[in-house]
Ligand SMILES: NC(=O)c1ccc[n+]([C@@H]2O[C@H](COP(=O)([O-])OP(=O)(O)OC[C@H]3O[C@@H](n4cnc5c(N)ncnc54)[C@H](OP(=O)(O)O)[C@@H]3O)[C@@H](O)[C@H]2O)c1
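First comes one chain, alone, set out as structure tokens in the form predicted alone.
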Amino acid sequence: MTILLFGAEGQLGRELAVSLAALGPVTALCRSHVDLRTPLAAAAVIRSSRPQFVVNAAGYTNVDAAESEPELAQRINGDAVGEIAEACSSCGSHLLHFSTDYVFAGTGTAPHREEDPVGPLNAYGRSKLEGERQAMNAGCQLTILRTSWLHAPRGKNFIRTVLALAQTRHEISVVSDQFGAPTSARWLADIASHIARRSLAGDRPTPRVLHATSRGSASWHEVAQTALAIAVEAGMPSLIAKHSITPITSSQLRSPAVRPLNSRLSIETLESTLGFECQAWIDGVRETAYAIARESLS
């Protein structure tokens, strides 16, 4: 069995490289190996190596920057995904691709189901939706995992940012009207590996799109408070107290890209398809915050 991984340098890619290695040989490629900005670069690798399973964890992820670079976001998150999917189709490879809650407009309070109408609010969301569309039109064996609010002990993410600021500032402000499920990159990599294991054994999931997030939801403000409390308990020094994280609204943030207020995704289909319960969001946050805190003390 052969597995090809794109985006191995990202926070999810690093976890995938470890998790997938238990299944067999993994060719883990970073941007220095394959640059998705270059047309057909990734497709050429697939056609030359003809892997059984392809995981695409690469992407343009700077949501605010995408507002001023929509063509680049479209190239990496949209067109390159279509090229990868077409190459997988011609080689008989199963493609596992990661997408986002940002394909939805984020209205209401109920978790979005896989079949709900999409309506991205920003350039990043539109580029990710285009990647989904092109992948589904390519005719390959395909699984798309939509996820949200990824975090890990390494890489750039919200929890790392909050805990770093807590060591240099006496007060920070965090949005309190956006709700979603903070999702551990390590847990998500294990989900991907479970799907890969089943696929390599000839058992491929029927749904082409699955929502894969932690169980439950919280606001960014609640996540920040929780992560800080855990890190401080683990011994990390902090200049701010939990109550010194000020809640603000999305309109007060004034970021270039509009974010959905409701990023909740329904995980019912994932759990019924794979046959187990998703991790609670607070458990994943606890693992990440604790690891960051211990690293700060070393």
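Residue numbers run from 1 along the displayed sequence. Everything quoted here is computed from the prediction, not taken from an experiment.
Same protein, other form: the form predicted in complex with the named molecule, not shown, and the subject of what follows.
Judged by heavy atoms within 4.5 Å of the named molecule in the predicted bound form, the contact stretch among the candidates 270 to 278, 7 to 15, 20 to 28, 286 to 294 is 7 to 15. Among heavy atoms of residue 93, none comes within 4.5 Å of the named molecule in the predicted bound form. Interface residue remark: residue 100 is counted as part of the site for the named molecule in the predicted bound form, having a heavy atom within 4.5 Å. Interface membership of residue 128, defined by any non-hydrogen atom within 4.5 Å of the named molecule in the predicted bound form, is confirmed.
Contact annotation: residue 149 falls within 4.5 Å of the named molecule in the predicted bound form, judged by heavy atom distances. If you check the named molecule in the predicted bound form, you find a heavy atom from every one of 58, 61 and 76 within 4.5 Å. Put simply, of 46, 34, 245, 230 only one has a heavy atom within 4.5 Å of the named molecule in the predicted bound form, and it is 34.
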